[in-house]
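Next up is one chain by itself, shown in structure tokens, the form predicted alone.
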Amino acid sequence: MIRLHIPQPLSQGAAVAPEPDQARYLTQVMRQTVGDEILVFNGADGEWRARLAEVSKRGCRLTAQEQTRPQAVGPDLDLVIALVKRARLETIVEKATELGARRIRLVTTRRTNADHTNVSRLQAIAVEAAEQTGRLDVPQVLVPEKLERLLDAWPGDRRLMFCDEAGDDPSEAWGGEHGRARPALDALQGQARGAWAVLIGPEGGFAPEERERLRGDAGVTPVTLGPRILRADTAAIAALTLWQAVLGDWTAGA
């Protein structure tokens, strides 16, 4: 059944007016007619079965019939991602939505090779991915900010999984400010659930001063994603998958 994100209050009998693009999609692309049913959600009132009540040249109108699922939220997980080229960033936003990230925070770093992006388009991609994935909410895509500023304001109760792909010296011991980053799966075992974020750097990696600051923060868990150099989109997918498998809603205790 078609699912649409409708940013309007939902309750039994509520009249809902889709956006013009959504109305065209329903009536012209999917050929829905009066009486047909779709699923709608708004991130606050759960998922509802709605009936197409009216079609006109100006758009269409839906009527909410019954709630099919109550509102629920996934784990409190942010993805912090350095800006990369547009196509890869769009893939990252889509996959992060599918993998359950609650927020997508864009940052610029010393080695960022892209300094601007269309946040509105990225938010639209997140909406489409949430519709297709069955999520009851849509992750917020935040405007880019400098990594230093983000870290200055970082909340003390949110742990940060820092994907540190700098190529540590194998002779160093695991962990600590100067030790090797632990394999992600090992580093996450035994960690507490709660508010977390995953940090992925730019294609050129983090600058030494950025890495030093991150490695020296007690709230940061440095991890490695394996022996191969991963592109940013692959790294984001891998890191979110590993976190979900250990601490997220993929586990029986979630």
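Fair warning: this is a prediction, and the values are worked out from it, not measured in the lab. Quick note: we count residues from 1 along the sequence shown, nothing fancier.
What follows is about the form predicted in complex with S-adenosyl-L-homocysteine (SAH), which we do not show.
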Checklist entry - Is L242 a contact residue for S-adenosyl-L-homocysteine (SAH) in the predicted bound form, using a 4.5 Å heavy atom cut-off? => result no
Checklist entry - Should G205 be counted as a contact of S-adenosyl-L-homocysteine (SAH) in the predicted bound form, where contact means heavy atoms within 4.5 Å? => result yes
Checklist entry - Can any non-hydrogen atom of L225 be found within 4.5 angstroms of S-adenosyl-L-homocysteine (SAH) in the predicted bound form? => result yes
Checklist entry - Could you tell me if C163 has a non-hydrogen atom within 4.5 Å of S-adenosyl-L-homocysteine (SAH) in the predicted bound form? => result yes
Checklist entry - Thinking of S-adenosyl-L-homocysteine (SAH) in the predicted bound form, which stretch from 40-48, 63-71, 24-32, 216-224 has heavy atoms inside 4.5 Å of it? => result 216-224
Next on the checklist: Under a 4.5 angstroms heavy atom criterion, identify the one residue in I229, L185, A53, A195 near S-adenosyl-L-homocysteine (SAH) in the predicted bound form.
Outcome noted: I229
